[in-house]
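For reference, the chain that follows is the form predicted alone, supplied as structure tokens.
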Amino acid sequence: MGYVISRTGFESVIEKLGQQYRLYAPVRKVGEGRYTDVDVVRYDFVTKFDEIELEAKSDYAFKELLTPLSQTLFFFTENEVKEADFDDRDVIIFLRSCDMHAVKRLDAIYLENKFADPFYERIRKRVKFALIGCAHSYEDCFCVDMGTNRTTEGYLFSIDVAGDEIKSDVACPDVAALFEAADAKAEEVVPAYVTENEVRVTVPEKVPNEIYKHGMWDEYTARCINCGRCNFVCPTCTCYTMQDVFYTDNGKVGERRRVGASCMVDGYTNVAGGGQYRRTNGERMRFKVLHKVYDFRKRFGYDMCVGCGRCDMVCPEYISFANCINKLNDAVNELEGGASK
């Protein structure tokens, strides 16, 4: 069921939802960007509708609530282990269609592998979603070609601003009751979604083994500075490492933390004995690109990348992931053409 509601009425809906849920949404942080006069849009908890940034695409993804950058799993002493407490209040995350598709990718990694990750699962059970409509494409987005520009399920309600009114497609009866109590007008509503991007990509259906030694990766050995920013802003990157923090010199009391990690950063592939599986930045880029648009699909049936373009926005060396995909496709065509001769 859809509703058209005044801004004042919608504010009352948000206020009532805030009494039951924590609300996690993109927020404009004035002057907190790379430079003192630059804003940044990142996720934070809100209590009012006007705190939510609905116009600009968020610079950072929503995933820090589901996969915190640093998460204490348990505490230990010499004789016992205690699982860490966590905030068990329900949460509504406000996100766009591409990020709704990203949730599916996170669920696949953490819940649909050989076993469900209990630390992710206990948070995920508490999380629901509100869809922010996308009336137009943003810079660097290529969601249409990745098939993530539209979602029709998985959210409690949607938000599209139309002047002084809000249009919402409401899927939850409890939320619908709040709209009706705020004198909303029932009307069929289809959440706005992007139909065309300026940036286009072509994802290869299959990738031959010869691609691993292809010269296209050498460019990124020279250009990439392995800062890992692309991984940390990506809504589907899930890599982490483990850290044991000891409270005393004897090493018998402390905590174990799961900490966000990056396949692009030095040390991630280090193993005992001083071995390192991917030494050059080109090798790391190869791993990331193939994982996003090929390897993940072989396991789960769809690509990991959702085309949000955040990695392109944040890269200090102006490396475009969309260009990486297109160069991969060109290289695959080149190899397949050579093989057929």
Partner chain sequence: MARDINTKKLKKNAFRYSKVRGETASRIRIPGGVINAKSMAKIAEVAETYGNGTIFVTNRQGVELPGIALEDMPAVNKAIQSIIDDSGVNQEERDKGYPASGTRNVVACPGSRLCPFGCYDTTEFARKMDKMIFPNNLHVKIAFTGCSNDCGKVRMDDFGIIGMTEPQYDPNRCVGCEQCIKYCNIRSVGALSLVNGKVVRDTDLCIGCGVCVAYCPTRAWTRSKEHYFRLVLLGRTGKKNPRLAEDFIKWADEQSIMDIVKNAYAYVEEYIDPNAYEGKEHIGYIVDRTGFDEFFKWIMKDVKLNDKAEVAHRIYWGGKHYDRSNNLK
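Residue numbers count along the first chain shown, from 1. This is a predicted model, so every value here is computed, not measured.
As for the form predicted in complex with its partner chain, it is not shown, yet the points below apply to it.
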**Asked** Okay, which stretch from 67-75, 197-205, 156-164, 89-97 lines its partner chain in the predicted bound form, with non-hydrogen atoms inside 4.5 Å?
**Response** 67-75
**Listed residue (257, 223, 104, 214) with a non-hydrogen atom within 4.5 angstroms of its partner chain in the predicted bound form** = 257
**Prompt:** Does the 4.5 Å heavy atom contact test between residue 30 and its partner chain in the predicted bound form come out positive?
**Reply:** yes
**Request:** Evaluate residue 34 for contact with its partner chain in the predicted bound form, applying a 4.5 angstroms cut-off between non-hydrogen atoms, and reply yes or no.
**Result:** yes
**Message:** With a cut-off of 4.5 Å between heavy atoms, is residue 126 one of the residues that contacts its partner chain in the predicted bound form?
**Reply:** no
**Prompt:** Contact between residue 60 and its partner chain in the predicted bound form at 4.5 Å, heavy atoms?
**Reply:** yes
**Residues of stretch 293-328 in contact with its partner chain in the predicted bound form (4.5 Å, non-hydrogen atom)** = none
